[in-house]
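Shown below, as structure tokens, is a lone chain in the form predicted on its own; questions about how it binds or moves come after it.
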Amino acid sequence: MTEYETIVTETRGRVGWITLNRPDALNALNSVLMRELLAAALAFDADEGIGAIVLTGSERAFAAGADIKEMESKSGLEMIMSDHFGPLARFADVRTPVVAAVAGYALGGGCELAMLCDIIIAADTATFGQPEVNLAVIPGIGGTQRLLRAVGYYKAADLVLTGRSLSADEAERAGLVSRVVPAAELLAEAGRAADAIAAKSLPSVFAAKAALDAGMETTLAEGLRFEKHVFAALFDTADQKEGMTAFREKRAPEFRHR
């Protein structure tokens, strides 16, 4: 297993776990952490033995934001030329579904990182927000765009323009998180969700995630065409035959991810 400076990784069955590990900085997203997160996610993504990824932080903070100390002296040109948040943009392209297990602060870049995942399970202690306006900037890792799609214009504008935060319960009501659980049950619940995904046929999971992503970015008609073709393509997989045969025979399928 690769040794990292700012994250901890492990494998549990068919699930890869990534834990952000900058406790003194409340898991603030600096350049090293972003690069290591991407490297770990890509390694899991390339492993056919992995069917899902869980991303989590600490009880106190999933990630309290981007690392302000690292950014404050940079110029606009330096931010562009260094592609400062580039690793997180590439993290969003990982094919394997990612479950975010969020406790404590998920603010600014931390909220945006959670939104790069496919399922967000929040502890009842979690706090979400995009407070960048308080620093005289705006969200820079997709916050204005993904938040808008998740909760609608008026809720997104309320958060981005005022910088206020959401409790876990309000975030669930707004549609920002998938479910809220007691903090003591967070990792177990995330593990169960990831295990459920990882038990499925990998080609079908990849296809389902791709179709969901397409639906976020295209018109309904284009999304339906994409879904139609991907649905048909899965009938050329061995797992589709196994899945439907197992259903007919009233037994659990044995997928080979082919």
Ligand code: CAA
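From 1 onward, residues are counted along the sequence shown. Quantities reported herein were computed from a predicted structural model and do not represent experimental measurements.
Not on display, but discussed next: the form predicted together with the named molecule.
Only one of 214-222, 46-54, 201-209, 23-31 lies within 4.5 Å of the named molecule in the model of the complex by heavy atoms, and it is 23-31. Checking L148, A183, L135, A188 against the named molecule in the model of the complex, a heavy atom within 4.5 Å turns up for just one residue: L135. Of the heavy atoms in D67, some are within 4.5 Å of the named molecule in the model of the complex. None of the heavy atoms of L159 is located within 4.5 Å of the named molecule in the model of the complex. For P131, a non-hydrogen atom is located within 4.5 Å of the named molecule in the model of the complex, even though that partner is not displayed. When contacts are judged by a 4.5 Å heavy atom cut-off, F91 does not count as touching the named molecule in the model of the complex. Along 81-109, a non-hydrogen atom within 4.5 Å of the named molecule in the model of the complex is carried by F85, Y105, L107, G108, G109, in order along the sequence.
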